[in-house]
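In the block that follows, a single chain appears as structure tokens, in the form predicted alone.
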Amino acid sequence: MWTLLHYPLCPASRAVRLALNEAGIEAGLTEVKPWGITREFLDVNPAGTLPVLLVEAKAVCGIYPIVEYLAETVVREGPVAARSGYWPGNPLERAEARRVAEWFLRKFDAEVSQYLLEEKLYKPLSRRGAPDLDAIRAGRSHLRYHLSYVSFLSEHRKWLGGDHPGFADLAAAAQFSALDYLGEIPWNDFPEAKAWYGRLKSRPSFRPLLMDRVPGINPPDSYANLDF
């Protein structure tokens, strides 16, 4: 039995959950609050970051190590290995897919998610003072830039990473889904990005994420609506 140490609205945790679900892997979920990292957790992952996948009492720490571990060890139905599922195409196409995944896991996270999740979710739940309105405005401004980039990619290729769905799409959708829970995505201003997200949102792997709820904070009705 595998166990994922995660937080429901942590984008990196969500990306790994999607990767597990896409491969049909059932893993137990243990919630860890990002603002309340304990000494016991640091013994598992000294970096103090989520997610962590526990496999046979061994810890695989961090999103890229986890996804590469899955790609190297999990075989999907039929003759196609999981590596082709997460990173489809030839070496250059896989390199491009990894670039796009990196964009959302690093750049988007630093410029958008860290601002909005910290100020609108983590800070209130941990009672660390009032939200920083300047930080919220900065995150929202950066968000529109990234939505424009998703729209650009959607106009020039079938999926964000190339001609086939892969982990690049899961990484991006994980970021957007966490912020969508907070009602922060102006989807109607970016119809191409909305159409792309709608296709991801309709995949069976997404259904468990749409059932997530944070006590005291309810998502908008459109969050779990596949026809949003």
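Not measured: the values here are computed from a predicted model. Numbers for residues come from their place in the sequence shown, where the first is 1.
Although it is not shown, the form predicted in complex with a further copy of the same chain is what the next lines describe.
> Quick one: which of 154 to 162, 86 to 94, 135 to 143, 122 to 130 gets within 4.5 Å of a further copy of the same chain in the predicted bound form, going by heavy atoms?
Partner-contacting stretch among the options: 86 to 94.
> Sort through Gly28, Pro65, Pro191, Pro186 and report the residue having a heavy atom within 4.5 Å of a further copy of the same chain in the predicted bound form.
Exactly one residue meets the criterion: Pro65.
> So, a 4.5 angstroms cut-off on heavy atom distances: do all three of Ala47, Glu56 and Arg98 pass it with respect to a further copy of the same chain in the predicted bound form?
Looking in the predicted bound form, the three residues Ala47, Glu56 and Arg98 all sit within 4.5 Å of a further copy of the same chain (heavy atoms).
> Can Val60 be called a contact residue for a further copy of the same chain in the predicted bound form at 4.5 Å between heavy atoms?
Heavy-atom contact with a further copy of the same chain at 4.5 Å: present for Val60.
> Counting only non-hydrogen atoms and a 4.5 angstroms cut-off, does Phe41 reach a further copy of the same chain in the predicted bound form?
No, no contact at 4.5 Å.
> Hey, in the predicted bound form, is Trp103 touching a further copy of the same chain, heavy atoms inside 4.5 Å?
Close contact exists here: in the predicted bound form, Trp103 approaches a further copy of the same chain to within 4.5 Å, heavy atoms only.
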